[in-house]
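What follows is one chain in structure tokens, specifically the form predicted alone.
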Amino acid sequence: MGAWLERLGVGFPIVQAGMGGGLARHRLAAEVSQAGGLGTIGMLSPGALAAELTRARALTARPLAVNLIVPLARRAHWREAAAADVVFTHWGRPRRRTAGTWVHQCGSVSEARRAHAAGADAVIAQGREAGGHTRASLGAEDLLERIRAALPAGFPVLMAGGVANAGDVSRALSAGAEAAVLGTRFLLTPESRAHPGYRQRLREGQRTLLTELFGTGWPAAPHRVLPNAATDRWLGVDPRGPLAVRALNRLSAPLGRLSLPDTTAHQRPGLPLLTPSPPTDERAASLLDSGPLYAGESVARLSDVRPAAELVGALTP
């Protein structure tokens, strides 16, 4: 583990990805941080984000992070995120919007250079195999190598994508990563807010798809998911999704910044308006087949549900 994490007060080179849409909330983040990793609360509405961070602070005195999706974040998001020890950002133009520690997740060398020039304290090299939203064309280890070569020696670069066990973490560290960032592995914990049916499909999952199908309010943003009824219905020749559905997604882009009622209970596999909202334990089970089942390629090597704190220890080489 590098000196950057030590200065933050993080004991182990394990970072839990800030999975949005309600998947990563206070309990998961607090358990990871208390165990010595860096736990992250995923993006929510500004008020919910503040409440989740307050609840997490009540469970641990260790560092905590929040994750913001740049094109969807409003001024209030940045205000509430400033209370975290680390602000992770994803997508959009890298720009410093917080006085504290800021880390930008990158899918290319050029994006990493822009983040460094904008004053980021570290970057994440997110590979093509990662779950959720990703725009990388390279695998994680290849991208890590190229970003490290392009940035000043010693600048902290974390790695996300394809990490499922301690061996994967060890390889990332040996390749020069400051830490490994894991999402899919931490979805398979009792502390994640994934719907029980979602966890079961993750345990059974063997393959993933990279698509733009679930893009209402957030178009042209490729994301890796497990197959379900919606992908079976809409993904034919073009894995991104039908041109008409992607056109509807582009028209819906202004909705991404608005605080709208949750309509996912009415979402159906056969309807062409498919949101990025994942099936959490408080949403309708119908979302398992009409919503995105975010998962990285590492899902094929995962089959068990384990407590988050136990995972931090098991993942650390």
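Numbering starts at 1 and runs along the sequence shown. Keep in mind that what you see is a predicted model, and the values were worked out from it rather than measured.
In what follows, reference is made to the form predicted in complex with a small molecule, a form of this protein that is not presented.
For a residue to qualify, one of its non-hydrogen atoms must sit within 4.5 Å of the small molecule in the predicted bound form; all three of L23, T184 and Y198 qualify. Proximity to the small molecule in the predicted bound form, defined as a heavy atom within 4.5 Å, singles out one entry of E129, E141, E80, E111, which is E129. The partner is absent here; in the predicted bound form, the one residue of A35, L288, A50, I69 having a heavy atom within 4.5 Å of the small molecule is I69. In short, of 153-161, 232-240, 205-213, 114-122 it is 153-161 that has heavy atoms within 4.5 Å of the small molecule in the predicted bound form. Looking at P13, you'd find every heavy atom of it more than 4.5 angstroms from the small molecule in the predicted bound form.
Though the partner is left out of this view, Q105 does reach within 4.5 Å of the small molecule in the predicted bound form, counting heavy atoms only. Although the partner is absent from this view, A308 stays clear of the small molecule in the predicted bound form, with no non-hydrogen atom inside 4.5 angstroms.
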